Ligand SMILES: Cc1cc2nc3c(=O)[nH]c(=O)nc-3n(C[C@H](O)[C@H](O)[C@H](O)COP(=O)(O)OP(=O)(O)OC[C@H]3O[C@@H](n4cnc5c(N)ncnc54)[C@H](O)[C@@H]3O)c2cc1C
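Next up is one chain by itself, shown in structure tokens, the form predicted on its own.
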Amino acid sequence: MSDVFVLAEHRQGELRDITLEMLTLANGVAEKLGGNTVAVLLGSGVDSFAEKVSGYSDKVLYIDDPLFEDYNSEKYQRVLAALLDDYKPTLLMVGHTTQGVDMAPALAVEKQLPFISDVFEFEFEDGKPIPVRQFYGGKVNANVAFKGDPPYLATIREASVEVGEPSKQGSVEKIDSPLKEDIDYRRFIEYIEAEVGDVDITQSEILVAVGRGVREDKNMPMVEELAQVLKADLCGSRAATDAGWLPHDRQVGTSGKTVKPKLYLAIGISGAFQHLAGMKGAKTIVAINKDPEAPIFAEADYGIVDDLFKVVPVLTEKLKELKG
């Protein structure tokens, strides 16, 4: 009853980062509960995925069946409902992703599970896990208690946990699927990948990001010059892409892309949680904003509290000098 189950997520032949992030978080929760971390993997030809997640979990339960070659929320829901009945974990973690938010609420309704979405960490009270989520654009963190008895269900925000090196050697158990026949009223048709523009920011090593603080399009050349000196790619918040300063495929955040560059330079970005969720995985974060209370500074490794229109030109010139 003290185990923490994590639903592994994969797509187009790749294990998604959210899986290892959730397992890292689950290990801390399971330790406090005195239980184990159990990865649940559904798919077809996923032996290599099972082996990989075993390095981050105490046990892997996986189903290898052609019926799960492609994601189908109805199929996942039926299997997870059966596993909850059989194993009775304390907590089930699912990614707060397009797949997770499609399936988790329906599962919660079916099994009458206490359910909290978009969680990024857990506190504990009287031995009970207390999810932490954000409100008011990331300005407030709230501890939200599950109502009722376990099992509990939570969707976990992407890029909220830093993944370390694999440190476990969990057992791997292939189990039979409780789903014996295909579901014909809800079928996978095809996977359509969003178009990638001239730059794929998810692969960029250095990113210069702009936000509302840049004010207007005529100020973009100043930022573009800095990006050129740094040999960086440009990206931005939703405000920047909605204003037309950058194409929408350069947007970072929950409604854009998740990036993990070596350096993320945020210029004029206040740091709403939707944006922070997309860039928290950066190795080094530098923020320039004149508001000392801007949420971006809570995530930044280095912060400059000043007018970006004064800072950016000076920074550009100093970098040019350093480069000879």
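Please read all numbers here as calculations on a predicted model, not as lab measurements. Numbers follow the displayed sequence, beginning with 1. Rigid core here is just the name for the largest C-alpha set that superposes within 1.5 Å across the two forms.
Another form, the form predicted in complex with the ligand, is not on view; read the next lines as being about it.
Asker: Choose one stretch from 75-83, 166-174, 185-193, 207-215: the one whose residues place a heavy atom within 4.5 angstroms of the ligand in the model of the complex.
Answerer: The contacting stretch here is 207-215.
Asker: Do all of Met22, Val53 and Glu69 end up near the ligand in the model of the complex, with near meaning a heavy atom within 4.5 Å?
Answerer: So, no: the whole triplet misses the ligand.
Asker: In the model of the complex, does Thr37 have a heavy atom within 4.5 Å of the ligand?
Answerer: Contact check for Thr37: no, nothing within 4.5 Å of the ligand in the model of the complex.
Asker: Even though the ligand is not shown here, does Ser270 get within 4.5 Å of it in the model of the complex, heavy atoms only?
Answerer: Yes, Ser270 lies within 4.5 Å of the ligand in the model of the complex.
Asker: How about Lys290 - does it come within 4.5 Å of the ligand in the model of the complex, if we only consider non-hydrogen atoms?
Answerer: Contact with the ligand, yes.
Asker: Would Thr254 show up as a contact with the ligand in the model of the complex if we use heavy atoms at 4.5 Å?
Answerer: Yes.
Asker: Ok, Leu61, Ala294, Leu33, Val286: which has a heavy atom sitting within 4.5 Å of the ligand in the model of the complex?
Answerer: After the contact test, the surviving option is Ala294.
Asker: Give me the residue from Ala159, Ala239, Ala232, Leu107 that has a heavy atom within 4.5 Å of the ligand in the model of the complex.
Answerer: In short, Ala239.
Asker: Superposing on the rigid core, is the CA of Phe297 displaced by 2 Å or more between this form and the one not shown?
Answerer: Where the cores coincide, Phe297 still shows a C-alpha shift between this form and the one not shown that is 2 Å or more.
Asker: By the 2 angstroms cut-off, has the C-alpha of Ser44 moved between this form and the one not shown once the rigid core is superposed?
Answerer: No, because once the rigid core is superposed, the C-alpha of Ser44 moves less than 2 Å between this form and the one not shown.
Asker: Rigid core superposed, CA of Leu67 - does it shift 2 Å or more between this form and the one not shown?
Answerer: For Leu67, whose C-alpha is compared between this form and the one not shown after core superposition, the shift is less than 2 Å.
Asker: In the model of the complex, do the Cα atoms of Met93 and Thr258 sit closer or farther apart than here, given a shift of 3 Å or more?
Answerer: Farther apart, which means the C-alphas of Met93 and Thr258 are at least 3 Å more distant in the model of the complex.
Asker: Mind checking the CA-CA distance of Thr98 and Ala243 in the model of the complex? It differs by 3 Å or more from this form, so is it closer or farther?
Answerer: Closer is correct, given that in the model of the complex the C-alpha spacing of Thr98 to Ala243 is reduced by at least 3 Å.
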